[in-house]
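Encoded as structure tokens, the following chain is the form predicted on its own, with no partner shown.
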Amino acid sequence: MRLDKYISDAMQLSRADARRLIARGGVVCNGQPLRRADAQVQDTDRIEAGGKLLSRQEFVYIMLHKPEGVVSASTDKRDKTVVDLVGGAFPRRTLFPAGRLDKTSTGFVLLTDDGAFAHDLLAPKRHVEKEYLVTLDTPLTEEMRRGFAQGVTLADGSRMAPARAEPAGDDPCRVRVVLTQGVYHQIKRMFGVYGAGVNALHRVRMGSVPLDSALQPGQWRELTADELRRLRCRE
């Protein structure tokens, strides 16, 4: 690809700023300064700027600990979004959440600019698990557990895929729920069939990748190569 595009992607610069850096002799490729913005380079080339080795990312994959009160969207006219929490860290990227959490819900949200990856991750046929810790306003019953396992039929007649609802500790109102699909307000609507309300909902896992316990609400980090591989391979 063109050198200016590589520098723009790797350093999160505008194409114009990348060209100015190149023109000043600030870019070295395989030990040789390059001053032509249209010079052709490859990902296998050793490219440095400011004495630092660069690495171009085709896409970005972020694990975010969503706090309450933030909406799962790229932009919103009234509320802070999950993308707002990343700030200006990726100014040349168009990030969006791969799967949503309600405004009042918390936990693992995956942000990316890789549309194909997000579509594959959320596709019903892949059956990628999402795990939640849910606090109900009434104890979990055996009827709820059996109903979730068989597939709950919502009030509008929609039949949900089989899911798991199990106790999460000693508190009978604390429930661990595992889904393989993503329907609007799904968990609240499923428990609503049994007259139970959801007081709190926290996503703790996507696929085999758990939310990093070191991330406080509002904090984020990029996925590791192993985490990304596990999500791609559905381990």
Ligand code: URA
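Quantities reported herein were computed from a predicted structural model and do not represent experimental measurements. A residue's number is simply how far along the shown sequence it sits, counting from 1.
Keep in mind that the form predicted in complex with the ligand is not shown, yet the notes after this line are about it.
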**Message:** Using a 4.5 angstroms cut-off on non-hydrogen atoms, would residue 101 count as touching the ligand in the model of the complex?
**Reply:** yes
**Asked** Do residue 185 and the ligand come within 4.5 Å of each other in the model of the complex, heavy atoms counted?
**Response** yes
**Prompt:** Is residue 148 a contact residue for the ligand in the model of the complex, using a 4.5 Å heavy atom cut-off?
**Reply:** no
**Message:** At 4.5 Å between heavy atoms, is residue 63 in contact with the ligand in the model of the complex?
**Reply:** no
**Fill in**
in the model of the complex, the residue from 54, 201, 196, 28 with a non-hydrogen atom within 4.5 Å of the ligand is 201
**Request:** Quick one: find which of 80 to 88, 115 to 123, 137 to 145, 101 to 109 has residues within 4.5 Å of the ligand in the model of the complex by heavy atom distance.
**Result:** 101 to 109
**Request:** Enumerate the residues of 108 to 134 that have a non-hydrogen atom within 4.5 Å of the ligand in the model of the complex, in sequence order, or give none.
**Result:** 132
